[in-house]
Ligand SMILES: C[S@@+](CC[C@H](N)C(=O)[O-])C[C@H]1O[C@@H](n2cnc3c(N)ncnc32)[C@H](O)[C@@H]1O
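The chain below stands alone and is given as structure tokens, in the form predicted alone.
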Amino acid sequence: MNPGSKQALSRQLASHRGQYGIDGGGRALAGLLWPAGGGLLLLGLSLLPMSPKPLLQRALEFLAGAALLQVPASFFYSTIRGKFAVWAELLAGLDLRGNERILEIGCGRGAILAMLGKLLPEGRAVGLDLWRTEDQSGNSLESARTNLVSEGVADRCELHTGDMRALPFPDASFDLVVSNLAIHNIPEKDSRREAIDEAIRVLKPGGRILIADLFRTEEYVQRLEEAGLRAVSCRPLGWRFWFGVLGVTPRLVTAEKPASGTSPPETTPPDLPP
């Protein structure tokens, strides 16, 4: 597929009709109160017309207030629009045939699962989640089903309730496994390793893994390499997927499961869009 076609496809995938909530749910919203409140307070102090204060002090208050307000602004942009654009480009760059079986672990309300469904006219997109609202606002099996219907892909997708540490699928049953901001919600390191091992187990030889996450990505890289996967790489996903806090930028981990009879793992990263 030429670059122009990929760009058109990514724009099509990023456009959506469903309602997908806020990443992090109530915890994230509560965490935004102090930067939002502090930012508004500082901006107000800097602009008070009757307050006698040096111009430099006003400028510093204004800049500090603006810096705090960019935290909620960046968060809402990323969770409402930015993540759609980033994932649309990633998926458009995979050059899928359209008949694959693809699993998303931690699918939430189905934002990425719906994109996958649009790419699989002859395949199947499978989503699995525990449907916890602390991970995403309004997260439920019913909301995911409603979104898949809204996007016109319900007949290409299926939803399962289950734990990513014990996937209810046979070995080597998926061509691609993806996950977005989900595995880090498991608090124990050994349990996160179990989730990575399960993703590897259900992946077909020659299949690929794409994991975007806020934290722990170095653990995923280490485990994938220990398991003998090829072309393991990790990179930041850029400003569109930035939640406004320094150091809290999702990174993308990618890897490929060796086909039967292939040589030892490579170090060259897969062909994904920059």
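Worth saying up front: this structure is predicted, and the values here are computed from it rather than measured. Numbers follow the displayed sequence, beginning with 1.
If you look for the form predicted together with this ligand, you will not find it shown, but the lines that follow are about it.
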Partner proximity in the predicted bound form: R81 to this ligand, non-hydrogen atom cutoff 4.5 Å: no
- prompt: Heavy atoms within 4.5 Å of this ligand in the predicted bound form: does E256 have any?
  reply: no
message: Considering non-hydrogen atoms and a 4.5 Å limit, does this ligand approach S143 in the predicted bound form?
response: no
- prompt: Can you check whether G162 is within 4.5 Å of this ligand in the predicted bound form, heavy atom basis?
  reply: yes
query: Pick from L148, V177, L128, V71: which has a non-hydrogen atom within 4.5 Å of this ligand in the predicted bound form?
result: L128
- request: Would you kindly say which of A154, I200, L96, I186 lies with a heavy atom within 4.5 Å of this ligand in the predicted bound form?
  value: I186
field: Per-stretch contact check against this ligand in the predicted bound form, the hit in 116 to 124, 88 to 96, 129 to 137, 169 to 177 (non-hydrogen atom, 4.5 angstroms)
entry: 129 to 137
message: Suppose contact means a heavy atom within 4.5 Å; in the predicted bound form, does that hold for all of D23, G106 and I112 with this ligand?
response: yes
